[in-house]
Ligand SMILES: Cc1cc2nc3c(=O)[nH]c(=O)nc-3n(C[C@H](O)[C@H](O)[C@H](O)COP(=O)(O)OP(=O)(O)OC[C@H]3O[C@@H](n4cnc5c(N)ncnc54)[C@H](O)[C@@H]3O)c2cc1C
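The chain below stands alone and is given in structure tokens; this is the form predicted alone.
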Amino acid sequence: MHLSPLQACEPTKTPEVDQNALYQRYLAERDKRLRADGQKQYVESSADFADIYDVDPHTPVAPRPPLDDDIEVVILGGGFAGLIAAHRLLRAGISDFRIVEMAGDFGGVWYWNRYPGIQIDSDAYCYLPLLEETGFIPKEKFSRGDECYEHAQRIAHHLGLYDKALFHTMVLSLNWDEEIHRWQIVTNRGDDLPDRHQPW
């Protein structure tokens, strides 16, 4: 009987491992990294980092007047989670909402992170939402960052979300007003969004 090379292959011989010695080695490496000051090594920042988190290297901030909308829902963030939330609201017949996003466009992490070679580490058909709804077929099994960003824009256009988005906008306060039973949302752009329901 003739055996294929795969069938004739002997089992892989693995070396014996001294598990206790390996464990002690990892403990020794850990001990090198432990600090006596523990949590005290972290210093609370008192500086104002507005000049950092307010800067968008991709899109200039467009001036706009502050909004005082009486809306039903506010979605915080325009990444895939925010886009899915908007999709589900629309499916439920709720169109009276706003999407508050610090970036200059939809996309979340894929808006901000554009370094060469960036890709997802999950199968695109599992990771990218609303493929059937938008009719999009990923080009690769592990989509590249620009494709993820473009897909976020595709979803937003497909659902008509650009008119509902407040870009370059950060929530400064989110407080429940017990007297009027409403959420009061104030942003860095001077928006005051009385919300009839808890934000998503």
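Residues carry their position along the shown sequence, with the first being 1. Just so you know, these numbers come straight off a predicted model, no measurement behind them.
Quick note: we don't show the form predicted together with the named molecule, though the next part is all about it.
A.B. asks: Just checking whether V171 would be counted as a contact of the named molecule in the model of the complex - the rule being heavy atoms within 4.5 angstroms.
C.D. replies: Although the named molecule is absent here, V171 would touch it in the model of the complex, with heavy atoms inside 4.5 Å.
A.B. asks: Looking at the partner-bound form in the model of the complex, is W112 within 4.5 Å of the named molecule by any heavy atom?
C.D. replies: Because a heavy atom of W112 falls inside 4.5 Å of the named molecule in the model of the complex, the answer is yes.
A.B. asks: May I ask you to state whether F97 is within 4.5 Å of the named molecule in the model of the complex, using heavy atom distances?
C.D. replies: Close contact is absent here: in the model of the complex, F97 is far from the named molecule, nothing within 4.5 Å, heavy atoms only.
A.B. asks: Residue-level question: is L90 within 4.5 Å of the named molecule in the model of the complex, judged on heavy atoms?
C.D. replies: Residue-level check for L90: no, no contact with the named molecule.
A.B. asks: For 87-112: residues with a non-hydrogen atom within 4.5 angstroms of the named molecule in the model of the complex?
C.D. replies: Residues within 4.5 Å: V100, E101, M102, A103, G107, G108, V109, W110, W112.
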